[in-house]
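Taking the form predicted alone, here's one chain by itself in structure tokens.
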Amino acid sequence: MITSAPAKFILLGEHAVVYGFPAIAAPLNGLCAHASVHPAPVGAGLRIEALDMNEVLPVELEADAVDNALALTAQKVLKALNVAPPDAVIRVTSHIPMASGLGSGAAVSTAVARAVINAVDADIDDDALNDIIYDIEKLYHGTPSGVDNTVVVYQKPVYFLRGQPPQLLDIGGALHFIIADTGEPSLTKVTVADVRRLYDEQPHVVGNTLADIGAIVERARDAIRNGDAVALGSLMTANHHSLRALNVSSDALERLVDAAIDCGALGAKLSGGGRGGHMIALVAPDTIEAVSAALSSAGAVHIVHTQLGADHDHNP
């Protein structure tokens, strides 16, 4: 039995979300964490083998102060189901880069949770599972926003406004995205701090830019609901221009954004903290290969295609 959970990416609204404006995040189904369940001898109990980390983690139902996220995930699921640990081994792998803003922690925890549920032949609804993964996110982020776990568990875009629960977004039609990695590290806390300094120096100018991003996100929410790829693409590019005005782009990101648009993408922008990391392009199905090739030629080190809506709008 194999379970999976997707990565997540910021579609629109990064940086402005820090100042009380909305943002939209979405699942990245082209990058996933996986967990498989294997039988163990009677009396062996449950253990998790994190293959990428070379860790073997025993799961004890009554253990206190569990500080490993995967072991704690399994324990919380077993307690929610009120069942004893099964005699099984759960093997975990992930293709999602860690500490890259793609929700690796939430995805791995969700894959493990679903594997535990399968191992005991039970079921938990998504609302209850989301609550569990949110609790696990506190180990990673202290006071998480709730975006990562909600996007990953429900596999739907989320509209997020700081201080409010994330809202799931319906998708009116198939939307195709290409996510490309610049290969350059991106430290979100650095770019967030730099935008704060810029805001302090030029509050009126920067404040207007942030408000523009907020308005773009509101219009994009309607475009997603309507499945209007052309409108959404235009809004993504406008969002990128605003982020560039905040000095969080980079030469590598600009090359990739320009390459995507020049090759026919409906829109493109940086995604996340900026100055490295990833960019995203919205494309029509018949331009996926051409835009991917153009991004590769422009220096992208890793490229993933993902689809939102239509037949990809499902749980694993």
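Computed from a predicted structure; not experimentally measured. For every residue, the number given is its place in the sequence shown, counted from 1.
The form predicted in complex with ligand MEV is left out here; the points below concern that form.
The three marked residues, Ile10, Val17 and Val147, each reach ligand MEV in the predicted bound form, with a heavy atom inside 4.5 Å.
For the residues Gln75, Ser234, Asn130, Thr188, the 4.5 Å heavy atom test against ligand MEV in the predicted bound form is passed only by Thr188. Contact with ligand MEV in the predicted bound form, judged by any heavy atom within 4.5 Å, is made by just one of Ala215, Ala174, Val230, Val192: Val192. Heavy atoms within 4.5 Å of ligand MEV in the predicted bound form belong, among the stretches 271-279, 30-38, 256-264, 54-62, to residues of 271-279. Put simply, Leu168 and Tyr134 spread apart in the predicted bound form: their C-alpha atoms are 3 Å or more farther than in the form shown.
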